[in-house]
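Shown below, as structure tokens, is a lone chain in the form predicted on its own; questions about how it binds or moves come after it.
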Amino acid sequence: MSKSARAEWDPWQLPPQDGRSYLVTGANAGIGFFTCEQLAKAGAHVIMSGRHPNRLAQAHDALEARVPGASVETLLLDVANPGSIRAAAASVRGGLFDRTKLDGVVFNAGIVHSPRSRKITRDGRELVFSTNALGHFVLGAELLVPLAKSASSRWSPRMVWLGSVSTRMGRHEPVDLQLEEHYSAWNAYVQSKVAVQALGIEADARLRDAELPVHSVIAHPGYSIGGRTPRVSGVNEPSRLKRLRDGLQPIAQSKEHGAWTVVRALVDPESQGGDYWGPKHLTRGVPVRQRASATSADPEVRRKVWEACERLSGITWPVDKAARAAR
């Protein structure tokens, strides 16, 4: 595909995804829901995951209503709970779903509006970092082998990490991942997203070194807000005041459009490991290749974040096992 052809990517006309299966975390609302909807419209089988059974069921029903004939299932998964991650991944690996292969996973679930005071998970990890970054590091390890098994001469499975435009607003080097000394809601969010992007880039480097045909890609959705997003019962129901307030922000876009970058990173045949996708006009627009923040791409930062996640989770990615599975 030529550069000019890639520039003409149409988010309304995706390449057919029939026969492919994708897992999306945090699928019951926002970017996650619209990512699932766009994949389902293109013919993919979608596993919508989330931690609230009722909200997940509402999102499932809403998607089926909006995409008649959609192939979609649900999976309970709390990315801040290691036990929940292991149980969900075991269900995927055990073939309990309609499709026996996994072609891609979107690490979307996360906390955007961080708590004002520091909170910890049941296993003693800082909540925002655990939800946005550490949990997806663990899920990536758990799903690496099934992803590798789906590799073929025509397709390299992808894992897409959700970055953020906020990572361009200062360095925010994650030297205190648990924020035990200086916690603030803003720093918790931005630092977690720097960590997510560092993990995505480092994963790509390690997968390449192992010659493993799984692509690690990063996408950020720009400034995507609920008041500019279509109303979907049980998924997105902004008040009139929020509609008015969000409508006065010209740099913003809908979460439906924010999902465009995620979907392109996942399904574009030209998307490669290590790519960083974002809206053309930084906060809004069609998805294009961009560059991650200097902090996220710093090899030393990447190494430290990766090793910290290994230490905090007690997990090492099974790269060698996945490489054997891909042969």
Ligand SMILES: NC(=O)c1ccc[n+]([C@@H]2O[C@H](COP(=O)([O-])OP(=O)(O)OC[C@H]3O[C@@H](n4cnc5c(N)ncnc54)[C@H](OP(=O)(O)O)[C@@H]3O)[C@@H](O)[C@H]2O)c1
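Small disclaimer: the values here were computed from a predicted structure and weren't measured. The first residue of the shown sequence is 1; numbering continues from there.
Although not depicted, the form predicted together with the named molecule is the subject of the following passage.
Is there any non-hydrogen atom of residue 89 lying within 4.5 Å of the named molecule in the predicted complex?
No, no contact at 4.5 Å.
So, in the predicted complex, is residue 29 in contact with the named molecule at a 4.5 angstroms heavy atom limit?
Yes, residue 29 sits close enough to the named molecule in the predicted complex that at least one of its heavy atoms falls within 4.5 Å.
Look up in the predicted complex whether residue 112 has a non-hydrogen atom within 4.5 angstroms of the named molecule, and give yes or no.
The answer is yes: residue 112 has a heavy atom within 4.5 Å of the named molecule.
Are any of the heavy atoms in residue 221 no more than 4.5 Å from a heavy atom of the named molecule in the predicted complex?
Yes, contact at 4.5 Å.
With the partner left out here, if you bring back the named molecule in the predicted complex, are 216, 276 and 307 all within 4.5 Å of it by some heavy atom?
No residue of the spot touches the named molecule in the predicted complex.
Please determine, with the chain shown alone, which of 201-209, 163-171, 238-246, 144-152 has non-hydrogen atoms within 4.5 Å of the named molecule in the predicted complex.
Selected range: 163-171.
Which pick from 66, 41, 55, 289 sits with a heavy atom within 4.5 Å of the named molecule in the predicted complex?
After the contact test, the surviving option is 55.
Work out which of 72, 80, 177, 138 lies within 4.5 Å of the named molecule in the predicted complex, going by heavy atoms.
Comparing distances to the named molecule in the predicted complex, the residue within 4.5 Å is 80.
Given a 4.5 Å distance limit between heavy atoms, list every residue of 295-327 close to the named molecule in the predicted complex, or none if there are none.
Sequence-ordered list is empty.
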